[in-house]
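Read the single chain below, which is given as C-alpha cells and is the form predicted alone.
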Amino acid sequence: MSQVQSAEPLAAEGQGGADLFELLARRASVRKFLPQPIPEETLARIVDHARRAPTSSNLQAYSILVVRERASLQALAAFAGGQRQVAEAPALLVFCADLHRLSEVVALRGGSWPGDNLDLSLVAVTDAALVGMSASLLAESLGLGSVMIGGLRNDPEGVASHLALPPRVFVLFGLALGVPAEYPPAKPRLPEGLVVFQERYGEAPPDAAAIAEYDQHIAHFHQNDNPHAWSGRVAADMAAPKRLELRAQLARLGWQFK
C-alpha cells in the first residue's frame, strides 16, 4: 500500500519559487562549452531527478542514454548535421521514445503485444519530452548550459545503429550539456495574446500587428533590420517540408504510427 504524504501549502505570491521563475526567464540555448568535464555524480543526479517528470499511466515509455566518449560525440555530431556543440560538449543526454521495454514486459507476463498505435506513440514521445525538459532545467539550476539537439532525427537509422537501439526505440532529441563558455541572452517569445487563450481558442486569424511587432523584437535581438525576421523565416521553413523519409525510417526501426 502506497504511503501518501501531506502536501506543503502553496507559496503565496512573491514567496518561494523565485529561483525557477528566474531560471526560465533567462533560459537560453548554450552552444559553446568550456573543455571542463561534468562530474559523474552530477550527471547521475540530473538523470535520476529528471526521471521524476510526469509519465502517462506510469508507463515510463522512454529511455535515456548518457554519452561522454569523444569519438561517440563526434559521430553523433555528424549524424546531426555536423553540429559543433555536440562534438565539443562534455556530455550528451539522448532521449528516446521507447516501446521496446513495454513489449518485453508484456511478453514477460505471458501477454501478446497488441501492436503499436498512434496514441501509445504520442505517450512515448510526450514522456521523453517531459523528462528531457526536466533534465535541462535541473542542469541549468546547477550552473550548466544546455541545448536541445533535434538534428539527431536527420538519420534515425544511423543513430540507432550507432547507439545499438533495439526495435521500437528511436531517438527523439539530444541534450548537450557543459559549463558555458558564453551564455547568450534569452530570446524574445511570441506575445502572450498569440499563444495563450482563456477557455476557448476561437477561429480568428492571428493578429497581424502583433506578429509584425514580434518581427521587430526578433530583428532587434539579432541586430538586423529584416522587417519579417521571424514570420519570413517561418514561411520559408514551412515551404519545404523536412525529413520526408522519417516515417519510413522509423518503420524500419520497428515503430508504427498506426
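The structure displayed is predicted, hence computed values, not measured ones. When you see a residue number, it is the position in the sequence shown, counting from 1.
Keep in mind the form predicted in complex with a small molecule is missing from the figure; the text below concerns it.
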4.5 Å heavy atom contact, Gly82 to the small molecule in the predicted bound form:
no
Any of the heavy atoms of Gly151 lying within 4.5 Å of the small molecule in the predicted bound form?
yes
State yes or no: in the predicted bound form, is some non-hydrogen atom of Val47 no more than 4.5 angstroms from a non-hydrogen atom of the small molecule?
no
Although the partner isn't part of this model, could you tell me whether Arg27 comes within 4.5 Å of the small molecule in the predicted bound form, counting any heavy atom of the residue?
yes
Site check Arg31, Val147 and Lys187: each within 4.5 Å of the small molecule in the predicted bound form by heavy atom:
yes
With the small molecule left out here, work out from 83-91, 112-120, 160-168, 98-106 which stretch has heavy atoms within 4.5 Å of it in the predicted bound form.
83-91
